[in-house]
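Here's a solo chain for you in structure tokens, the form predicted alone.
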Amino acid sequence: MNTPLLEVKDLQTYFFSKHETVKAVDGVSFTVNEQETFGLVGESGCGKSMTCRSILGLVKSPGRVVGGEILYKGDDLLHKSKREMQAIRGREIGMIFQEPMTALNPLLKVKDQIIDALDKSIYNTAEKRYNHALEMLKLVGIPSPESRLEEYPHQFSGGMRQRVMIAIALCSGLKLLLADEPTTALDVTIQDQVMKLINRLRDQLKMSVILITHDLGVVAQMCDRVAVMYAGQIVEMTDTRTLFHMPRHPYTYALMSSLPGAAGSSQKRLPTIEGAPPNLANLPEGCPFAPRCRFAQDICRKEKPELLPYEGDVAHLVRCHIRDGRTQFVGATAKGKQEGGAEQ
């Protein structure tokens, strides 16, 4: 079996203040294979973006990675110096940030922002740098690239700015792209174009992608495997088809049930997940989801569950005390499917 391109093992990223510690990422483990799109899904504040910032070494004070391993091609990135990380960041591992409207410098031409990301030892003349910037705009499908290189970000639409961000991320031949909510603030048509572009570039450039999103529709369209995060931890991880057809964590099932069309008749109100995510500085004693879970039992409020294979399937991991196939949750899931609930 081939070694994964990226292995994250028991990653812990905490934020410290005088009075409390916020466990933003608390024991996260997953792998990303070559030419695979791996999804990280969950509500805002669950630790998705901080996981990717930890991979790139972009966690700012008062936060820091306090434990775990991040193995890229077998080497632990947490043991790299700042200089060594600079050689990897943007050249082998790149990131598209959430807001295309604000991520670009409004005072610099698009040409200059792409050229800034190039390896000057490879593109060592002005002509080489200009030609490569031009090729990158062509690659991401921006029309009239010669004239658009000379324009400023405010002259681009939201979708075109996102394409520029992708061009900047890809300009050094990445092996791994971290895409943090790449369709935020874009309309549905442009979202679809951006997703198809990332898929095309993944295949064309033979790279891997970690896709951060809260949109399950994007997950279904893009991802090979997916991890669902809640309160800084992964609560379920499996391939995308299994996740949509057989969710086995109550939180995942609740997310699926709240999708339009998942409640059966269009006249029914969409179910919601009552309550709010827990305070990461003051987590409940047992399962963090227990206060919001309608299937919670006494053990859920007392003991933290481990992320374990569901009924022996090592490719489908679930962090839940009631995952064993004999509980009311599994019965409710089956009932939901019969009523048109869980399956799309």
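Worth saying up front: this structure is predicted, and the values here are computed from it rather than measured. Sequential numbering from 1, following the sequence displayed.
The protein also exists as the form predicted together with a small molecule; that form is not presented, and the subsequent description refers to it.
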In the predicted complex, segment of 29-37, 283-291, 44-52, 302-310 with a heavy atom within 4.5 Å of the small molecule: 44-52
Note which of 73, 214, 128, 148 lies within 4.5 Å of the small molecule in the predicted complex, where distance is taken over heavy atoms; exactly one does. 214
Is the gap between residue 24 and the small molecule in the predicted complex 4.5 Å or less for some heavy atom pair? yes
